[in-house]
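As structure tokens, one chain now follows by itself in the form predicted on its own.
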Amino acid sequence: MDLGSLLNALILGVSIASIWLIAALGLTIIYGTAGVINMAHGELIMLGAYSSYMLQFYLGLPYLLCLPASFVIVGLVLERCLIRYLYNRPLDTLLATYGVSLVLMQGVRLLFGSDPKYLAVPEIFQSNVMLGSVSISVFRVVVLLVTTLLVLALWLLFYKTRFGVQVRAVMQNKEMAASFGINSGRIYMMTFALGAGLAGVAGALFGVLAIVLPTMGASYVVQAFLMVVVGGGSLAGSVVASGATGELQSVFAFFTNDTLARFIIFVLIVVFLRFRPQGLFAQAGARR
């Protein structure tokens, strides 16, 4: 066994984990807080990528400014126009957001066509760095750093602020929270907008790692849902699930190939959920 190649696989696993995690962060917020099964999450990622493309090539905005801009652009309109009428109706939200995903995909295809688009990044992000004997793309390191900062910011927001206390109160019992003057509708709106904005940031990052296409969201939404379900709908659970699955996939791919590694990961997830359907870290208390 070549230890250098194995080390390379482990480092690549961290990179894969960061990609899966940043795709799942927005879904974790939306599902874990509001209980909304957002089938349009992949298309929100796609909108983030196209938002960055438009900001770059029509307004000349630098790439680094496209990240926060994509966060602001994506999501709030969807919550105000549709989702707010469907809280506590999981089947309806599933069907409605699936319909929204088709509308968004076809709308973008009509506006921009089906040909691939590309995002420009500073030259420093296009090089590689050496970690010992392992070469890794600078931009993958950027993705890892952005993901780490977002997780830290979300943890501080939900566990160290008044807003976080209100969110957790609404998650536990929105009627009781309302008796203390907490506006559950406003909390749902803000958390959905936050989750959708995180999907937009993910799209701005993925638009550099891959090409920008109307169908690009479909390649990330399955992994995002898997991370949220395996993690139990909590932030900590998504972090652990993404880290474990990213490393396992990279190691399995080292010994076999990428296709078989994905198959093994999916089988392991199915087996895990068979014996622990609530996920790694189930939310404390039942949602009411």
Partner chain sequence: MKITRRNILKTTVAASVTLAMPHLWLPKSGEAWGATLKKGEPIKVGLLFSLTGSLAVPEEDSTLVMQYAIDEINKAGGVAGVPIEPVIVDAKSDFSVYSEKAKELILRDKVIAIFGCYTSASRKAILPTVMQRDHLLYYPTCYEGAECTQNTICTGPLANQHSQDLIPFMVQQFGKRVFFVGSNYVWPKESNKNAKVWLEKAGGELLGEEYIPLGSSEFGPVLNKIRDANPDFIFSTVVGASDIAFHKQFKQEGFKVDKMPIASLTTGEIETRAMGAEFGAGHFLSAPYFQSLDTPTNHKFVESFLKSKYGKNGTTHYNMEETYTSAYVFKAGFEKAAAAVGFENVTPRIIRDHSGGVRVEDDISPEGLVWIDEDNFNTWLKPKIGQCQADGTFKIVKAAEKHVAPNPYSIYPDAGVCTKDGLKAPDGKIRKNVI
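Since this is a predicted model, take the numbers as computed values, not measurements. Positions refer to the first chain, counted from 1.
Keep in mind the form predicted in complex with the partner chain is missing from the figure; the text below concerns it.
Stretch 214-222 is the answer when you ask which of 91-99, 144-152, 214-222, 183-191 has residues with heavy atoms within 4.5 Å of the partner chain in the predicted complex. At a distance threshold of 4.5 angstroms between non-hydrogen atoms, Gly203 is out of contact with the partner chain in the predicted complex. Contact check for Lys174: no non-hydrogen atom falls within 4.5 Å of the partner chain in the predicted complex. Shown alone here, Val165 lies farther than 4.5 Å from the partner chain in the predicted complex, counting heavy atoms only. Although the partner is absent here, Leu25 sits far enough away that none of its heavy atoms falls within 4.5 Å of the partner chain in the predicted complex. Looking at 56-71, no residue comes within 4.5 Å of the partner chain in the predicted complex, counting any heavy atom.
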